[in-house]
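One chain is shown next in structure tokens, namely the form predicted on its own.
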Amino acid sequence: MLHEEVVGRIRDILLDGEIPPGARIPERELCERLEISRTPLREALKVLAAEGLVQLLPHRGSRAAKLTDKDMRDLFEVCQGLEALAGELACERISDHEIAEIAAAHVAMVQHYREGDLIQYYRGNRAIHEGIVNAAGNPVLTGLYASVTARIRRARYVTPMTPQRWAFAVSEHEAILNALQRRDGAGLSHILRAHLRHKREEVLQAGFAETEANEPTLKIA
């Protein structure tokens, strides 16, 4: 298995929550599952540590990183800026076909909301946000967004919502779609910033981040 493939497989395992934040990385089990030795596994873990997904512990292996409150706030701030810019660019560049695809994803997402299916709702929700970013037509922006949002993906798309908050999130998405259909870049940018700000507070209140308490980690040269 190529180095990049090992990194990608372990990254997906972490982002999908198979190894919960704060849990030790089960090196032996991963080696057996991926059919690799300890050396390529540890090289991959160093890469993922540089991405902020793994914490290397001095002489004690590693664990899945759990973001602090400050980490979460910082990442969401950057994500807000990237999505706001993507919204402006998308309104200038998006095709009618792409708008129709996002509108269809929105209709499906609302149906999942009415059915109370949070997992499917979040899948549709994510497709809408990524669709807007892709419609911006800027590969640099898309790459930065993928890197940043990867670190908050699990918290962003798993957090439970109260009925009131869920209804409000759906209304925000109605406004997002409306602005996109009108190609109102400034309006869409403003709505996306507010939407991400609300999600950040929701994630923090749900306890997906820890306070600044922190066990020292091994620095990578």
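The structure displayed is predicted, hence computed values, not measured ones. A residue's number is simply how far along the shown sequence it sits, counting from 1. Superpose the two forms; the largest set of C-alphas matching within 1.5 Å is the rigid core.
Another form, the form predicted together with the DNA, is not on view; read the next lines as being about it.
>> Counting any non-hydrogen atom inside 4.5 Å, which residue from 171, 162, 37, 178 sits next to the DNA in the predicted bound form?
In response: For this set of options, the contacting one is 37.
So which of 66, 154, 42, 183 reaches within 4.5 angstroms of the DNA in the predicted bound form, heavy atom to heavy atom?
Looking at the other structure, the residue within range turns out to be 42.
#### Entry: Answer range among 29-37, 66-74, 183-191, 162-170 for contact with the DNA, defined in the predicted bound form as heavy atoms within 4.5 Å
Going through the listed ranges, the match is 29-37.
| Does residue 57 reach the DNA in the predicted bound form if we count a contact as any heavy atom within 4.5 Å? | Answer yes; at least one heavy atom of residue 57 falls within 4.5 Å of the DNA in the predicted bound form.
With a 4.5 Å heavy atom cut-off, would you call residue 197 a contact of the DNA in the predicted bound form? Residue-level check for residue 197: no, no contact with the DNA.
| task | May I ask you to state whether residue 61 is within 4.5 Å of the DNA in the predicted bound form, using heavy atom distances? | result | Output for residue 61 is yes: heavy atoms within 4.5 Å of the DNA.
Residues from 107-133 in contact with the DNA (non-hydrogen atom within 4.5 Å) in the predicted bound form: Residues within 4.5 Å: none in this stretch.
**Asked** Is it true that residue 25 shifts between the shown form and the other one by 2 Å or more at the Cα, once the core is aligned?
**Response** Yes, the C-alpha position differs by at least 2 Å between the shown form and the other one.
Inset, instruction - Verify the C-alpha shift of residue 70 between the shown form and the other one: is it 2 Å or more after superposing the core? - result: Comparing the forms between the shown form and the other one, which are aligned on their rigid core, residue 70 does not shift its C-alpha by 2 Å or more.
Note to self: Superposing on the rigid core, I want to see if residue 41 changes position between the shown form and the other one - specifically a Cα shift of 2 Å or more.
What the structure shows: Passes the 2 Å threshold, so yes.
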